[in-house]
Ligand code: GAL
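A lone chain, given as structure tokens: the form predicted on its own.
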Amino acid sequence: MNKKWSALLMTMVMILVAFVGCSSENGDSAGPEIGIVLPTRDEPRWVQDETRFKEALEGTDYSVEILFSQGSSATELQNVESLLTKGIEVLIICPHDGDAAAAAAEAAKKEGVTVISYDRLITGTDAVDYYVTFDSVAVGEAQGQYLVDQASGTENPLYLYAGAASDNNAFLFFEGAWNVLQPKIADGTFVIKNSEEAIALQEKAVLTREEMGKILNQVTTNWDFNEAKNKAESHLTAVGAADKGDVFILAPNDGTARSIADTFASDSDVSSYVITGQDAEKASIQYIIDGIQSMTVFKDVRSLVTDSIGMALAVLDGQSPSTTGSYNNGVKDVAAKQTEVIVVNQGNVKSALIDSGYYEASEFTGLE
């Protein structure tokens, strides 16, 4: 009797083990199908994206794991390798450094994983399958146009700042801004005050990447609040009162815009300033409401996340994702899906961000 029960128990255990193994193979207890790597937790923008990604996958049959690289290309590669060991089928990655991220993309491609470059383009490799982005040149053009629209007369002091030279988007943002600003620099509407390289090239309507690189190396913030503050302080110290007054400032994103705005506002020789931004971060929306920051370029990450997750799900379902164009990354033309951008200032902050459901009115003070 005991032997029979023992045999029966052993049979049941074997069936259970087989069932568990089958379940694992079918994905019920397997790792995530989608791996996402974002640049850093230290900027509100990317924490927002993390939340949106999780929301976008609610109600689907697929799971996701999201990791942050904390501004390190080495950590970025480790994150990708970790996700690959968990069996991901699609990698969505926003590179810290476009060139350095090629190694991560190639590691994923070697494992047969589809690589989607998110917001920033991975450069110098053919291992990128798709690119989901806002029109970065259009972002820069919107920033430049805002400064032009607020300017009158001639010899308006212009201070230029840019993102990190390791980020391909920083070049695209600057390219767009230069497209609009350069004619107004050439005709004397603006006078550049903080970049000898930009002054040397101010008669040139179209800059090469190398030429833009020379300017970026002088005015880069590296997307860092403190570096932006230090550069702004240094520039204001280097010029006289005549180079201040009513100034115009090209700031690349909201985080750096707040630092630069605070610095210029504290200089008694600065009578007024107009300053750009992008990302519609909560802190900057409050600055806009309070009149401290002039504008931001709203890039609705809900749309960007929806587009990238839509691409990933299409791949997982064996379909070809829809694209709207392509971007050359130095090695290949990467099929891309672009998302529109919106200029936000005091006049439309409520309709663009509150009425659209992006933020709650209760998150701000002084909102009419």
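The numbering used is simple: start at 1 and walk along the sequence shown. A quick note: this is a predicted structure, and the numbers were derived from the prediction, not measured.
Keep in mind that the form predicted in complex with the named molecule is missing from the display, and what follows is about it.
- Among residues of the shown chain, residue 279 is one whose heavy atoms approach the named molecule to within 4.5 Å in the predicted bound form.
- When contacts are judged by a 4.5 Å heavy atom cut-off, residue 146 does not count as touching the named molecule in the predicted bound form.
- Although the partner is absent here, residue 178 lies well away from the named molecule in the predicted bound form, with no heavy atom inside 4.5 Å.
- Under a 4.5 angstroms non-hydrogen atom cutoff, the named molecule in the predicted bound form lacks residue 337 among its neighbouring residues.
- Look at 237 to 245, 114 to 122, 202 to 210, 85 to 93: in the predicted bound form, residues with non-hydrogen atoms within 4.5 angstroms of the named molecule sit in 114 to 122.
- At a distance of at most 4.5 angstroms from the named molecule in the predicted bound form, all three residues 46, 169 and 223 contribute at least one non-hydrogen atom.
- Taking the named molecule as positioned in the predicted bound form, the only residue of 299 to 318 that brings a heavy atom within 4.5 Å of it is 299.
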